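Just one chain is shown here, as structure tokens, and it is the form predicted alone.
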């Protein structure tokens, strides 16, 4: 039995942040019913990544909406609205990520839902909070990254802002919503009362940068200073970064610069004995290190550094990673199948309970695939 068995989630969310949250709940055993509007449903169904479709649907939608059911409801139709409200009355959790004002207009805001289901745990995600001058801005991942300051942490000093290559704002907000919903379910189990759980993408990105934000407010507000080369973390000294070798790339984490110099035979590094200089002179040190590491292969350097317990790793591409025993042993991939018989490979839930992984063979639903069966089950 999975931990959230018998928990019913009604999910009105679209695109990525809300569906990322409901996917985690589904993988932990909750029954997630995705509510889609007529005329296309969740726009993410057609949001292509690298122009790839899986059985006619975008790979992004296929990955983030597996293990769910789909019903189509026209919230502007009185009869259909009445039916969905009956379903909501029986739910444990509701999730939505509409822009501010839309839930009220549709009649599925917290107060309206609470009136028919006082025990509901109501989860909502916005882009920038529901208050202030940014409240009605679109909560799109790249835009939130741009505003949040995170794009100034990656890349070298002369390269301009660099966004993360994944939808980190969406995914962090989804993860925070899951945390809040689980806490709300615990509260409900104790008091019998539900609650409203609110997160927004901007605050999730600021929380992700808690170290950087704390530093900024305690070092006189100094601007972020990325290194001229091999930057990986603008607040740490050398050797922290990613370096090119004769045949690839490798990452070096925190460690003694002088010890590193002795291990790999780089004389310049051995001349900096004061740990404070590893930060103040990091541009010089990183350049010397970068030049030196290009003289031999990644495997050569790893054969020296790993036995000495110096923190390092090969930079792998996907082809290299999936063939490595370190990847194979965690069994992070699973095959899932839609009701139409289409099978595709995707990731599983990364959470283990009692040492066991959480998997599900259920692929993404066709739009409205479960409308009739769901309403027949719950309303008859």
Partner chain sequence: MKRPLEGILVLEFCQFMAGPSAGLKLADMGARVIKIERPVHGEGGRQIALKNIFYDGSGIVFHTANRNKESFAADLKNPEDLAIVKKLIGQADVMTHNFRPGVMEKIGLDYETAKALNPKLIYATVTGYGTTGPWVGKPGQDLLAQSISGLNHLTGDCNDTPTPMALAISDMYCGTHLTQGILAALVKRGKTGRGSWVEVSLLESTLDLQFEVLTTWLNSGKQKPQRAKQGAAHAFLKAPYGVYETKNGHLVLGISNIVELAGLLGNDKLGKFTTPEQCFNERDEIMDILRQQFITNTTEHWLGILEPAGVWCSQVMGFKELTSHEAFKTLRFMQDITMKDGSCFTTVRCPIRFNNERLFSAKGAPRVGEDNDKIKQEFNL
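Predicted model, so just to flag it, every value in this text is computed and none were measured. Residue numbers count along the first chain shown, from 1.
Below, we refer to the form predicted in complex with its partner chain, which is not included among the displayed structures.
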Which pick from 262, 74, 291, 131 sits with a heavy atom within 4.5 Å of its partner chain in the predicted complex? 131
None of 214, 295, 270, 303 but one has a heavy atom within 4.5 Å of its partner chain in the predicted complex; the exception is 214
Which of these stretches, 262-270, 80-88, 101-109, 138-146, has heavy atoms within 4.5 Å of its partner chain in the predicted complex? 138-146
Closest heavy atom of residue 355 to its partner chain in the predicted complex, within 4.5 Å or not? yes
Would residue 345 count as a contact of its partner chain in the predicted complex, using a 4.5 angstroms cut-off between non-hydrogen atoms? yes
Contact with its partner chain in the predicted complex for residue 16, defined as at least one heavy atom pair within 4.5 Å: yes or no? yes
If we define contact as a non-hydrogen atom of the residue within 4.5 angstroms of the partner, is residue 377 a contact of its partner chain in the predicted complex? no
Go through 297-331 residue by residue and record those having a heavy atom within 4.5 Å of its partner chain in the predicted complex; state none if no residue qualifies. 306, 309, 311, 312, 313, 314, 315, 316, 317, 318, 319, 321, 322, 324, 325, 326, 327, 329, 330
